[in-house]
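Here you get one chain, nothing else, as structure tokens; it is the form predicted alone.
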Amino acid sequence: MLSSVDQAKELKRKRQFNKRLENLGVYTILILVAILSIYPFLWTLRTSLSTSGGIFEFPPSLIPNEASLKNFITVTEIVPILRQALNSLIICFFGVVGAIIVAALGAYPLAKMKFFGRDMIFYALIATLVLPNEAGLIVNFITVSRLNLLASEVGQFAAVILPAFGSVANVFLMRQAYLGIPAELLEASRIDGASELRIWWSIMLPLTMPTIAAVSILQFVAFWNSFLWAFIVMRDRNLYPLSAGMLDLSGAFATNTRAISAGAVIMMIPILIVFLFFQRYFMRGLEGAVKG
């Protein structure tokens, strides 16, 4: 018969074995998900570098046949990549800055100020998340048209950027981050005579920088990948962002999958770079927003 010490050791060994078995199952699932997630990118990269051989062959191969940059060179000859990339950077910069300011200001009263109907307003905003983005295309187009934004180059850039300032998802994330800040800090600042704007600038923003970084990345990706709205409101093709320019690429090459894949890779590179540099802040920001 086992002693109490031996029984404790045996129980500990069983728990450790069950824990290892559980971890093995979790990591197996994560590896499978990672493979399924990264395979489309690797296939696109392989297709963009290959100049011969089957594209949709089975079993699929991730090693390009006669690897070359010919497809990328062809893309730059047909589509004004540099100009459209600059347009995308302009849109992303002003769009991200404006969206962060609006979301940070809009979320503050919904999180830290008490007034009648606060929760009702918040729930009404959240309810709009069920609507697809396309639902607001007609209203937004009528609005920017009546504001006469489509008559000039600057106005067309503004027409692309302004509708995204009212992102409810950004307001939600910022509100959740604000809720994680102790109310005692705000009360002490109010007792010292600080205004609400001063409290927002000096206390709330510095303490929510991880969430601001996460929202910035999400908004950057949204602006960088957005093509439909820019395609609708921009009259001059030279003003197209890179995402809208890729539509011309698809039309120009028709079924040339290799050239289209090269354009897709060019589109993905900036997003990958931004995420790699700021992934730590991105994860911290989302974690703080979920906890809030």
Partner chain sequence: MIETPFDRKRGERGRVTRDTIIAYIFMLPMLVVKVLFTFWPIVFGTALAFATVNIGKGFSLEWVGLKNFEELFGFGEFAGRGPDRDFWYGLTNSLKYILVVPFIQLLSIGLAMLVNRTIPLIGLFRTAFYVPVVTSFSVVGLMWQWMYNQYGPINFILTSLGLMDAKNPTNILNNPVLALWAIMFVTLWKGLGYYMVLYLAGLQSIDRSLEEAAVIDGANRWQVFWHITIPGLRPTILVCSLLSTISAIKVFEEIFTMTSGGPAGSTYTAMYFIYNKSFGDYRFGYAAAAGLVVAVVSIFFAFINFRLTRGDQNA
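Between two forms, the rigid core is the largest collection of C-alphas that superpose within 1.5 Å. Positions refer to the first chain, counted from 1. Note that the structure is a prediction, hence the values are computed from the model and not measured.
Note that the form predicted together with the partner chain isn't included here; everything after this is about it.
In the predicted complex, the partner chain sits within 4.5 Å of a heavy atom of Glu57. Although the partner is absent here, Glu22 sits close enough that one of its heavy atoms falls within 4.5 Å of the partner chain in the predicted complex. In the predicted complex, at least one heavy atom of Phe115 sits within 4.5 Å of a heavy atom of the partner chain. The partner chain is not shown here, but in the predicted complex it comes within 4.5 Å of a heavy atom of Val221.
Look at 68-76, 146-154, 207-215, 81-89: in the predicted complex, residues with non-hydrogen atoms within 4.5 angstroms of the partner chain sit in 146-154. The partner is not shown here, but in the predicted complex the stretch 112-137 reaches within 4.5 angstroms of the partner chain through a heavy atom at Met113, Lys114, Phe115, Phe116, Gly117, Ile121, Ala124, Leu125, Thr128, Leu131, Pro132, Asn133, Glu134, Ala135, Gly136, Leu137.
Once the rigid core is used as the reference frame, the Cα position of Phe231 differs between the shown form and the other one by less than 2 Å.
In the core-superposed comparison between the shown form and the other one, Ser202 has its Cα shifted by less than 2 Å. When two forms of a protein are overlaid on their rigid core, residues whose CA moves 2 Å or more are considered shifted, and Pro241 is not one of them between the shown form and the other one.
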